[in-house]
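What follows is one chain in structure tokens, specifically the form predicted on its own.
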């Protein structure tokens, strides 16, 4: 573990470059401007923030309030760092879709890098059947107006865990996973939705419910307008809708 308190921008650059090279987690606290370029364009003016760069390429920018990052890039992105006349730039590039997140630090209060050892994966206590029962008894956990109609609905591709309708009368096919949802789970849900849409002759939404999801699975949901709901266990089950569809993109402004 390396921790620098009130580092110079040059020292922070060296620490960050080493963290990227050695695939260590990096944590930065300081005053920065955040510029996003991709399907949309945005600029977050200067302010003090917490920035976390993970070994898998995920980049998160947090403000002092709220749980979710104000800006982020997913795992699989490529990070680089450079020092210029305007400050220290941390750049994260995503190839598909083409996106770029640029963070310009004017000053830093803390720079740190860590070698984290964590081979465990989150899984929920209780079976998928328990989750189906929970939602059947409290359908508003999925969304207001959802009405369950059938458990283990048969299709030629297998059993849909829970089928129902939303407040607008659209069909809703829900697939539950106790562990991280992977690409196979998203593909399975897509097959269910495609078949039920044709068979029933109406729109059928697909919702994947899991404690976490891989980037490839989330991408497939996004491409097919399917939905992901994150479920958290302790201290009680909570369901959190995660936006999968991304907004369109505009041009970029340089620092």
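Residue numbers count along the first chain shown, from 1. Quantities reported herein were computed from a predicted structural model and do not represent experimental measurements.
What comes next is about the form predicted in complex with the DNA, which is not displayed.
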item: The unique member of 71, 107, 89, 113 whose heavy atoms fall within 4.5 Å of the DNA in the predicted complex; value: 71
item: The DNA in the predicted complex: contacting segment from 23-31, 194-202, 60-68, 224-232, heavy atom within 4.5 Å; value: 60-68
item: The DNA contact at residue 136 in the predicted complex, heavy atom, 4.5 Å; value: no
item: Heavy atom of residue 82 within 4.5 Å of the DNA in the predicted complex; value: no
item: Residue 78, heavy atom within 4.5 angstroms of the DNA in the predicted complex; value: no
item: Proximity of residue 178 to the DNA in the predicted complex, heavy atoms at 4.5 Å; value: yes
item: In the predicted complex: members of 149-171 within 4.5 Å of the DNA, any heavy atom; value: 157, 158, 159, 161
